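Here are two versions of the same chain, shown separately as structure tokens and labelled structure 1 and structure 2.
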Structure 1
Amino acid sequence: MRRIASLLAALAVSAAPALAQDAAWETEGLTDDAITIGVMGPFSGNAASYSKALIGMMAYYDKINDEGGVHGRKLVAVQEDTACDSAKGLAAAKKLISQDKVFMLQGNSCSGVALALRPTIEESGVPWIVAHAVSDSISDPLAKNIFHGVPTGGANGRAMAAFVLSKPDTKNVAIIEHSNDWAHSYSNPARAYLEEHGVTPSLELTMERGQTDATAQVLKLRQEKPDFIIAALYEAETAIFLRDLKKYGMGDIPVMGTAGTDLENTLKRTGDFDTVKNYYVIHSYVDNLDGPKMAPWGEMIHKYYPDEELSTFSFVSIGSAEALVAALEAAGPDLTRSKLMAALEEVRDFDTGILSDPITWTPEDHQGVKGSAVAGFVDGSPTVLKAWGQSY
């Protein structure tokens, strides 16, 4: 028995992760002509529509590769499916890190999965740029190797609340949301921002995914008559909610939505301009999705993924991919993981030409994007806004 015990102990020690982050570790996943990048995302399962976010990023890799790569190295994406499930995502991360031995990771769309991954990735030391998931706890507290490349839920939620309060005389705010982590990642920071400014939401409602009717919620709103409604709902439920709001004669109350929806699709869904004319959304981009400043990006995606239907998610990860390429350029031809992370921490006020706010990573703060613009209909056409009645 004692023999077995000592054998077990020996096995356990031998299999413990090699802590020495030596020279070989520094250049793992790197050759003279390729940098392998693990791209995790929900390529299957009921959140598969979010995987669009990773397509834009990979199209950008392709573009860089066509231009000769970075210091002669091509960016090679190794895709792994998380199915938006924590156990599957963990398997994907472990596969990328310990079997495929990629140089770095970029991606991930589901906040829950990202939270479950954080301890494993932090321990591995492999650089990870979070390209879509928004939960603040992924990158806060600071982990040396984890960088957030999109506005976090906190940044978005505060932007939502700030926009709501920028409308003169907003006192009575109602919140309607799904009871999931995605919705809370917007509504909690928004609630905190409102409270800081002396506004307590007058009504808190939930509407679950898959509900095809919002009568009960809308009738409660009709009694409360809020000045503004914050709606953290997915696309489908947003359309249903707005439709019911108009149905019951409250189409004049402005509604603030999340980055999970956009004006164009919401309009398409409801099929009626009057229904969406007072809908505002978090819009992290410099222009409308079909505006001139976004057009080249759309063309880029279609060049490499001709069948891809563009949505608001399609563009979200491109900004962090640009920042990555800039950091790789700066890190020089003798690339190591440590050099890359050091270069990422040097990124300051990086204008991506696509995100409304710049990316700044410092050694103290890895949440790179601090704010977001808002989009709404002005004179019948979608317009990017800084504050109520104020163009971007």
Structure 2
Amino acid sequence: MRRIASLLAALAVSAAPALAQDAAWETEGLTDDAITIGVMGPFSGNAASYSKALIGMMAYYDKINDEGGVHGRKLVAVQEDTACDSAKGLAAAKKLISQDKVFMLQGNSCSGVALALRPTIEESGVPWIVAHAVSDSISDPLAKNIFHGVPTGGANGRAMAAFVLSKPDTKNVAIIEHSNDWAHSYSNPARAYLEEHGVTPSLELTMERGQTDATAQVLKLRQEKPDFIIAALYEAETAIFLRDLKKYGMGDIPVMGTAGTDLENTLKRTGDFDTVKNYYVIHSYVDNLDGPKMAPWGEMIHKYYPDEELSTFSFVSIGSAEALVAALEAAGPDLTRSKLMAALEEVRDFDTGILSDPITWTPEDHQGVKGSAVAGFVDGSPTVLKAWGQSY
């Protein structure tokens, strides 16, 4: 679990307020021995598997607290359930900001919810590190207090398309997606990358959230016979789509999925390896989940959450929590919200030891992670890949 000592030395934090707020606002949610952090996520509902990302992040808070905290202050998580629902998410954000008066926010799964929260959080000025949701529009256009700590849909979409085209002789590519902003945050950059490289998608299909049958879409794909399919679908619909692909004799066509799915979880959902053997997903990490580089992180999570079943989602938010702690350390003991935001904007090439790409935030760009690896089953085992047939 690495630190970059040079980062802390380089962080020159201005004492001038980043936002026009009074002194009481600057230290709201802060005491001599605690920093309160609002953690929003889908702790219930059909997207509850995404809450694993927040469990991993809070386990990292616990680790830091056991080591004495940051300048003597413990990181105290105040949890609110969004159920991956925009109305519930907005109520959660308003409660954390106005009633609980947390110092900052970190977390969020479900891009649609995060997008709904952006105006309220931006107006509040409260620092927010987006640790799981990926839509580019959450952090672009630039907002002084909003930072993305994972690859955005744009970064992932381009990585998805690059992997698809790295398979030799791939010329016919189809896209299936939800009609929401989350799916478009992947598919639009992927489509742009394909077209930049001379490939126009031959078929573009929609499968809505909650849909329990993909027969109509699969029959159209069977007529088109694509070389590769890009699927911007949530996990439940991905499993349905893959099952129907196999049902209609198309299980050998490779499918490229998003960070909204998990390789092992998708296998569990389908219950059949043949259904997922040609499924690939964005994988933001330096190793397989059971690889030696990931083992310390899994042990950390189980120390504080012994019964937690690990998945890809369990690790995704830890890197941004590491960067947060580094910025808090750099901001010094006389902490304010403005000092924290200034410190976050000085994070450069921060190697988390867990994400496949480093985190860099600047005053001009708060989208901190620019790339991603890919995971798929190779010879029956989950494998991290740089490109088709090339291990990470």
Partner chain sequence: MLMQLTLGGLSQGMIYALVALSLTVVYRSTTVVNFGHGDFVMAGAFLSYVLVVLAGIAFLPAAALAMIAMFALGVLFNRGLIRPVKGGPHIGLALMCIAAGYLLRGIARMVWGREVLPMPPAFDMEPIFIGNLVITGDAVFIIGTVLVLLLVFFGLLALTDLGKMVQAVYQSPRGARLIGLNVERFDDFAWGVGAALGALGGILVAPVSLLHPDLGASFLIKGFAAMTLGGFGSLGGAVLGGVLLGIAEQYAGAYIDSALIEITAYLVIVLVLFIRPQGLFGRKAVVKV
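Since the structure is predicted, the reported quantities are computational estimates derived from the model, not experimental observations. C-alpha atoms forming the largest set that superposes within 1.5 Å between two forms make up the rigid core. Counting starts at 1 with the first residue of structure 1 and goes up one by one along its sequence.
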| property | result |
| --- | --- |
| Identity of the form predicted together with the partner chain among structures 1 and 2 | 1 |
| Option at the hinge, rigid-body rotation between structure 1 and structure 2, list Ala216, Arg191, Gly371, Leu310 | Gly371 |
| Domain reorientation between structure 1 and structure 2, expressed as the smaller rigid part's turn in degrees | 13 |
| Inter-form CA displacement between structure 1 and structure 2 at Tyr280 - rigid core frame, Å | 3.0 |
